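Taking the form predicted alone, here's one chain by itself in structure tokens.
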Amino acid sequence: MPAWTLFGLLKGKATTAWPGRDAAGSEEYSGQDGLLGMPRFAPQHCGDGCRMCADACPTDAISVKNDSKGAERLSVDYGRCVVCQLCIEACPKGVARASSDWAFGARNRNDLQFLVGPGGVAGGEKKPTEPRDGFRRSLHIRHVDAGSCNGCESELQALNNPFYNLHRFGVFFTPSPRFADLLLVTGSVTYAMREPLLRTYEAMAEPRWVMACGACAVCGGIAEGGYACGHGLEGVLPVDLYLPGCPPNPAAIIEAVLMFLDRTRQRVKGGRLVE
């Protein structure tokens, strides 16, 4: 018996039980220890006229806007966040804090917007739920790299390793768009990749859906508006599932897909994780 086979047998089952629950009803271990996620903000403690976090943000994910009364309000678009943590380093009052928040999959783009106004935190309007009854237990995904740096691809590769084992959910990647239900797009959608991407989408049978995976696909990311691309999938294809991050970790990808299949709930509302 090869040594690696014996080692595997002695090691036991490697696949995580997450996202299940243990006998006590608590969530199983997700394996995301030490992960730096999206930053959290407490804008009520911001100093008057302070814009240091907004000035440090390389993707304009943070901005300061005036409300109807002329008061400045902090606005954070997590769809643009590349999790660089520069806002945390720049903030002099600790208003921006590090967190391990990673489950930011959303059906509505507005749910990634953190806005604080006179009425409190405002989320987006709820997007009408489309029928996906035939896809609750099996889903085939066609992935298109539309100009990625390969960071997202590295995380996608991890989905099929023994720890995450994506196939246990009945979710598979397919090489042909004709067998695909969901088009998963990574990268900032460069002008060179726009035509192949559109042809892939047109080759998919109805019903078909589109997932923007990573900040580049959501809005263009760090390369937005450059000489080679526009604003990600915006204005190119209708997006049904948004997952920001740079790159989103494998657990976030799994959670977003399961949320899309109505097998788990959406955890981000109005730019905040809700329990």
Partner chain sequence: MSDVKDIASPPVEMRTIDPAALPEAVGALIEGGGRMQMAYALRDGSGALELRYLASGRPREPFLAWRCRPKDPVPSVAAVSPLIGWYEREITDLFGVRFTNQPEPYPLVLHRGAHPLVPPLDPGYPGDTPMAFRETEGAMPETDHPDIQKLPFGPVRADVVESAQFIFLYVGEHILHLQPQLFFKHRGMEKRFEGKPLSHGVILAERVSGVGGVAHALAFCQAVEQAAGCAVPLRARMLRSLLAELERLYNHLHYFGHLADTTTLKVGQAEGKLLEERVKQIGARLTGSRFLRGLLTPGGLRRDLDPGAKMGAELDALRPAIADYLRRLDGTNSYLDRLISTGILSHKVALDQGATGPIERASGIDRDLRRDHPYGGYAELCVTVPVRAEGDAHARARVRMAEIDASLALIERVVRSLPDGPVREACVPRPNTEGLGWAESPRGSLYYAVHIGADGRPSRVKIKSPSYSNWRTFPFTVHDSNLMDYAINEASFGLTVAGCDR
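Only the largest set of C-alpha atoms that superpose within 1.5 Å between the two forms is called the rigid core. Numbering follows the first chain given and starts at 1. Just so we're clear, the structure is a prediction, and the values are computed from it rather than from any experiment.
The form predicted together with the partner chain exists for this protein as well; it is not shown, and the discussion that follows is about that form.
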| query | finding |
| --- | --- |
| All of V82, C149 and S188 within 4.5 Å of the partner chain in the predicted complex, heavy atom check | yes |
| K11: touches the partner chain in the predicted complex, heavy atom cutoff 4.5 angstroms | yes |
| Contact label in the predicted complex: A203 to the partner chain, heavy atom within 4.5 Å | no |
| S154 within 4.5 Å of the partner chain in the predicted complex, heavy atoms | yes |
| 4.5 Å heavy atom contact, V144 and the partner chain in the predicted complex | yes |
| Options 232-240, 203-211, 42-50, 57-65; stretch whose heavy atom lies within 4.5 Å of the partner chain in the predicted complex | 57-65 |
| Contacts with the partner chain in the predicted complex, stretch 161-184 (heavy atom within 4.5 Å) | N161, P162, F163, Y164, F173, P175 |
| Exceeds or equals 2 Å, Cα of G270 between the shown form and the other one, core fit | no |
